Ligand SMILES: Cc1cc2nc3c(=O)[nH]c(=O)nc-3n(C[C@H](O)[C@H](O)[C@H](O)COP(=O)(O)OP(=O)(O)OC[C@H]3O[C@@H](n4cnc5c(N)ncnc54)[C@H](O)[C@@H]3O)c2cc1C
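Heads up, the chain below is alone and in the form predicted on its own; it's given as structure tokens.
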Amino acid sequence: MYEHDVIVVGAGGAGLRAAIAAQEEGADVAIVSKLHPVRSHTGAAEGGINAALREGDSWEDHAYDTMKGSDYLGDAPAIETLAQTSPEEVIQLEHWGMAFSREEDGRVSQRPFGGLSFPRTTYAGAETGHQLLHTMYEQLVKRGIEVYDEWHVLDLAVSDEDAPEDRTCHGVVGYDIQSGNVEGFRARDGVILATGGLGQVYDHTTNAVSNTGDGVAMAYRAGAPIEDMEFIQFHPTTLPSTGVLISEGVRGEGGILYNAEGERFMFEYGYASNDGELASRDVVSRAELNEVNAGRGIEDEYVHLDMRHLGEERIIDRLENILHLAEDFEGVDALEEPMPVKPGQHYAMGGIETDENGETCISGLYAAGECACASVHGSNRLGGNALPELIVFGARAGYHAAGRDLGEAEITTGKRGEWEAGDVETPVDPGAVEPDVEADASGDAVADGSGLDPAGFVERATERATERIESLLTNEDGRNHAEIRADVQQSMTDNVNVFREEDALKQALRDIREAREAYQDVGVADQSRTFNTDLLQTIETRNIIDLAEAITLGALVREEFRGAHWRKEYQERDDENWLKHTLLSWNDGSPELWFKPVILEGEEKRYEPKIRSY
């Protein structure tokens, strides 16, 4: 068993920043990651980091834009924390040597992004995430922080009191991809989940194949509520053949969207009469699909994004890697012709419920970055707000886990504050096929953990994980996970996409139920113990099934149109009934639905919901 004060799971932007913060606070900290840090998906982020740095801008304006973009489902304490702290975190990155793009006078460059009232998005060409990741990895190496890379975390070691609010997280269980060994990692002070997104729930996504929502699924099964899972962001500019992202920076620099008729449809058809291509992402994605559905799409699938008029010098200076992406994946020379683009799954606004310090309702368990939901983004994230979320809340989680007093959180977690029970009619029973029954390595049912010390909980979780892996490896003739995963991904893309209808959502739940039943007989054909990707992807598929179901349940119960959640049957935002967060708790394998109010009270004012137009 390995032991550290703080264990960070995941080595992307949030994980690196959390580890650095915990180490600054004096903790013995280690990162456990299934990927080497510089291979983390943060490196694929292109656009930039929102921060109020210049005269004429303010954190208050940043906070207002974020709340408006969230369609008033964000929590003010989290939003204001982001807006207030982002400038100092950006300056810290600059002091660490991050290669920001610069103006002629030497200032860090800032560009307009969708939904912003001021051009506050700092950037490094169109590879901001790549620069951020490498800058923080340098700090990790400089500080000598230990990294267990290519260790796939399987489970959390959590005590088993009846109420999640009474439980404590004592560590994690990791699988060494190189050796096949299963080992426990005890965290004396806290575990921070920074495992990124869940894009592989869909078959057309900008996310890497490693983004399978592991942290969200593990926390969910350990009892931590997951929040607002129905809100999935579909980025309006992805390449049709692959889902590869074309940065919002293209539109921020002046790129134009055209339909098959050569019309600048964002203005021509009134989708966003003021901001046009720089409306928020949910607005632009729906506009593009409306054009395709109206017969004005190109090849009945996509629209064109044109940046030729920006000129070769400006494009190469600020957007050079976009030229390579268009050429490599679509065979398009974007200096000479427009690029084909269509909406693709990009980001999850929901995730593990946390407060503004990154802590969940389970003592000692934290989450930061895309796997967490504080909630900064509400029902729709603004472009340029993901990277500051990583560094702001990654740092706060690291500091808090290591013992720094950040003050009492204003956001409550779990069923500690005001909440109400929820219910939704489903065509099939959601949740586990059979009730969760924990067993020890011999297969005998395990009694409660009373009497176990912290190390004992880690040992017990390690035994259970080992038993599960052995059962998968000995069922070499079982169902192949890839078929099950593909069915779920296709159903989610067909039924739980930009446009949502009740019958389609119910069909998705039926499909997910079939996948759960098929997964009962899943097996692993590859019997090797080293670099067994078949085994690991089989484990990931379970996470995909759990999260696909959670997204769909949230989408079915929310009977309104808010942000990225469009319902055919409900075409208005309903603040009277739905100005609240959707939460799901995993109770012995049965998802429990409940709600809690949105916090609109800020530091100095209340954010009153208004009509959101661009």
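The structure presented is a predicted model; accordingly, all values stated were derived computationally and were not measured. For every residue, the number given is its place in the sequence shown, counted from 1.
Below, we turn to the form predicted in complex with the named molecule, even though it does not appear here.
- Listed stretches are 411-419, 214-222, 336-344, 476-484; the contact stretch with the named molecule in the model of the complex is 214-222, by a heavy atom cutoff of 4.5 Å.
- Among heavy atoms of G69, none comes within 4.5 Å of the named molecule in the model of the complex.
- The closest heavy atom approach of A21 to the named molecule in the model of the complex falls outside 4.5 Å.
- Interface residue remark: R251 is not counted as part of the site for the named molecule in the model of the complex, having no heavy atom within 4.5 Å.
- Mapping the unseen interface onto this chain, T354 falls outside it, with no heavy atom inside 4.5 Å of the named molecule in the model of the complex.
- For the candidate set H41, R567, R573, K580, a heavy atom within 4.5 Å of the named molecule in the model of the complex is found for exactly one residue, namely H41.
- When you look in the model of the complex, the only residue of L387, M349, V201, A187 with a non-hydrogen atom within 4.5 Å of the named molecule is L387.
- Along 10-27, residues G10, A11, G12, G13, A14, G15 each place a heavy atom within 4.5 Å of the named molecule in the model of the complex.
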